[in-house]
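Shown below, as structure tokens, is a lone chain in the form predicted alone; questions about how it binds or moves come after it.
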């Protein structure tokens, strides 16, 4: 299967590092014009020069802090003055870990703003253009906690579930316009987020980092962590014409760890 995304415009949130960066690189390699979007202009600039331009792709970047939904919406509205986006990748860093019983209510507001509210507002800005051309791909990078809550990630579990339900609802509303909405659920993937989770578990349990890693790997049938590129492959496929009849579903990329279908 060869995926061609020439002349498609893609907005990739959280693309300065990790999974978002890998998705941006993958979409560009398939021929898409990519707009990088995150808060760190210096990091975005480094990713920008990595993107494939072999068939004339034109890449740009937007800068806004995802803790401020108003600034995120303003930045996207500005970009849409010159572009109709065919592809939206909703992705941003997960909330801090911790037991849900200990969570400050403010942590839920912050997490929902960073994820659900931003996803919703960006989609609202882009969907009219997608409807106008009869084509769109909205892909949300969430977590396997949508299937089974993860221990010690109470606020994250709650927020991810809200985003998944939002996506399923939206998928049914926009399907008739040629717009698909799907979720990619990464498992333990080698990113800065995973490193911070491992370090936090090691500190709280007073264990060596190697010990914590071994315990996590023992739960994964493939006995290894995933790579950001492996998550990106799923997102690039969902962005393609080949995935035109797939909508309202979750694609799990976790090496078989999640104990449900």
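Bear in mind the structure is a predicted one, so any value in this text is a computation, not a measurement. Numbering follows the first chain given and starts at 1.
Not on display, but discussed next: the form predicted in complex with a small molecule.
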Select, from the options 124-132, 138-146, 166-174, 75-83, the stretch whose residues sit within 4.5 angstroms of the small molecule in the model of the complex by heavy atom distance.
138-146
Check all three, 66, 94 and 187, heavy atom within 4.5 Å of the small molecule in the model of the complex
yes
Consider the chain as shown here, without its partner, and state which of 204, 43, 211, 233 has a heavy atom within 4.5 Å of the small molecule in the model of the complex.
43
Which of these residues, 191, 180, 113, 157, gets a heavy atom within 4.5 Å of the small molecule in the model of the complex?
191
Within 4.5 Å, heavy atoms only: does residue 39 come near the small molecule in the model of the complex?
yes
Check whether residue 239 has any heavy atom within 4.5 Å of a heavy atom of the small molecule in the model of the complex, and answer yes or no.
no
Any chance residue 11 has a heavy atom within 4.5 Å of the small molecule in the model of the complex?
no
